[in-house]
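Let's start with one chain on its own, the form predicted alone, as structure tokens.
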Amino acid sequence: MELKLALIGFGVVGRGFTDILIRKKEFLQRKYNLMVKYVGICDMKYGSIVNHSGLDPHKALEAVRAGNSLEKSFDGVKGLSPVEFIDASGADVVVEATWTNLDTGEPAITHIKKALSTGRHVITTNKGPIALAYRELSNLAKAKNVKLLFSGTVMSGTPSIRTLVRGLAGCYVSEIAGILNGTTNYILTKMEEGLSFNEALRDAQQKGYAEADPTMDVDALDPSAKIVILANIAFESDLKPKDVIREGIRNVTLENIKDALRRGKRVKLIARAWSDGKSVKVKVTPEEVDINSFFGQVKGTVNAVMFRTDSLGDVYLIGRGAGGEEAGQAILADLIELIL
């Protein structure tokens, strides 16, 4: 089956996904009968191009890696805004992989609404729209009889959302807990080795785990959005990131870390959501956990989540939670789901 695909956002995630498609082309065709035709790529930095005959994804990667414009590298319709691009693409699937805005969810919410309202499936790795407008977008997708898939918004390619939606189908989930931000987990791990918070943060920035402005991570904005996404799926709620009781790790000191270790504990930034059947609560705060517990063994940039269920007890999942390859794998898994 051939899917015509339009990609909005050709940064780390968009290129990671494209790399995987190129590398696994024969495997995907053989195992899933999946063939993907790029009919358009739209990027704020590299320009917008639509060509219904298809774009060579390898050529697109070479162009942007050389710092060249997509518009200069391909023939086709050029210079369109993202909304115009969606209309002109004629795509079956729009992949939305732009930067995350947790204040308004824009411009991604507009992109997703446009694609869904015109009868196109949408796959996104962007946390903003799903954390802020999940119910609205989900209802729009149902009304238009198309799919909205977003497995890469939590734990990236590690299938936390797919486990919750598919693997635990029919289970009643009463609680979710997780280490949902690899940057802060890395910083806390390095502090156990004797670095101060500022030293561990600088180390994370040097290794590319933390941004120059680390607010999203260290102030727990990122994991707050992720736990809201999981909670809204599990409990059919309509929570927003502002509903999260939130405390980051800026105030965790080296002495806090050492004191916990002396007592057989580790400090972890834990995201939690739980329901008593009447209301849903969400929080992200530093917690002390037993060193030998599941979360106590999760170190470095690794993410982990626990789902507390009635039928299966506690179900645990652990894996990498960020990166272009990992997010690209999430998009690919969603793409395959469309045809299964």
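In this text, all values refer to a predicted model and were calculated from it rather than measured experimentally. Residue indices: 1-based, along the sequence shown.
There is also a form predicted in complex with a small molecule; it is not shown, and the following applies to it.
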For this session: Could you spot which one of Thr183, Ser160, Ser224, Ser89 gets a heavy atom to within 4.5 Å of the small molecule in the model of the complex?
Result: Thr183
For this session: May I ask you to state whether Ala322 is within 4.5 Å of the small molecule in the model of the complex, using heavy atom distances?
Result: yes
For this session: Tell me, yes or no, whether Glu211 is in contact with the small molecule in the model of the complex, where a contact means a heavy atom of each within 4.5 Å.
Result: yes
Seminar exercise, completed: Only one of 215-223, 109-117, 70-78, 264-272 sits within 4.5 Å of the small molecule in the model of the complex by heavy atom distance, namely 215-223
